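Okay, here we've got a single chain as structure tokens, the form predicted alone, with questions on binding and movement later.
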């Protein structure tokens, strides 16, 4: 893997200033003040919102409290998506701090999975890591790891420990030099304006001629409408970790450096701002 630790650190320590407010329909014993938090982009909402819950429970009656869930401008936020993906997809062109509404009633079963404990997050996270390694190495790397190694990945994420996580995760980013990259690139594309809002398919980092595939090549095959045609204004932004990478960036480099801890490259295609 290319030794570009500054990029890895910048990705890991990305934060989103967020303002949590209690849904006005909740029954409270006194007014609930907003709660402000810097959310880590690479984590998941259930792992970093204990303080939010404690803050609002102070003004709630116990009998009025059910499972906590979040929404932004009427859209329930899926806890199994990384926080950075939720922000980029739903709110990247809004004014900071990100405004999230907190609910303790009327859980939207149709839109969200229940998450009673953090062990659910761990199971989802490890499932994604194993899926990514199946794509990259036919599961050879993750299967060679011991249970304590899997735990190290999870604890590194849960406790926001960059060095602890990457000491193990770097093994998942290695590949034989002669192959020029992983077997397939683990990626997920999210779109707002398409009948296919979620795309995940097989795509190799190197062409049959041996040339490195780029972000442009991936988009051209998976969602060509996202690309700007000659003489046309930009209709969409292609966002990874809050930035718009150059379309000529090699996919292999992106996969090694801009993947989330779950080892997937999460790509959001959103409408370009019109201002």
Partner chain sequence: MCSCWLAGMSCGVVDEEEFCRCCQLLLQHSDGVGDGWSWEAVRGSDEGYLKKTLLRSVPAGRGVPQKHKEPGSDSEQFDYCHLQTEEPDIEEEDDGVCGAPAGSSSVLQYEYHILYSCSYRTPVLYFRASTLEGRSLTLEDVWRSVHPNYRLGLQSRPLDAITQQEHPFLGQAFFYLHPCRTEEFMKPLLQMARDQNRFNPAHLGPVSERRLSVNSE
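Numbering follows the first chain given and starts at 1. Remember, predicted model here, so these are calculated numbers, not experimental data.
There is another form of this protein, the form predicted together with its partner chain, and it is not shown here; the text below is about that form.
A.B. asks: Taking its partner chain in the predicted complex as the reference, which of 130, 170, 161, 151 has a non-hydrogen atom within 4.5 Å?
C.D. replies: The residue in contact is 130.
A.B. asks: Quick one: of 77, 145, 135, 91, which gets a non-hydrogen atom within 4.5 angstroms of its partner chain in the predicted complex?
C.D. replies: It is 135.
A.B. asks: Taking heavy atoms only, is residue 50 within 4.5 angstroms of its partner chain in the predicted complex?
C.D. replies: Contact with its partner chain, no.
A.B. asks: Just to confirm, residue 178 within 4.5 Å of its partner chain in the predicted complex by heavy atoms?
C.D. replies: The answer is no: residue 178 has no heavy atom within 4.5 Å of its partner chain.
A.B. asks: At the 4.5 Å heavy atom threshold, is residue 63 in contact with its partner chain in the predicted complex?
C.D. replies: Residue 63: contacts its partner chain in the predicted complex.
A.B. asks: Can you work out whether residue 166 and its partner chain are in contact in the predicted complex, taking contact to mean some heavy atom pair no more than 4.5 Å apart?
C.D. replies: No, residue 166 sits far enough from its partner chain in the predicted complex that none of its heavy atoms falls within 4.5 Å.
A.B. asks: Quick one: which of 121 to 129, 69 to 77, 153 to 161, 94 to 102 gets within 4.5 Å of its partner chain in the predicted complex, going by heavy atoms?
C.D. replies: In the other structure, the partner sits against 121 to 129.
A.B. asks: Select from 100 to 116 the residues with a non-hydrogen atom within 4.5 Å of its partner chain in the predicted complex and write them out in sequence order.
C.D. replies: If the 4.5 Å heavy-atom criterion is applied to its partner chain in the predicted complex, 100 to 116 yields 109, 110, 111, 112, 113, 114.
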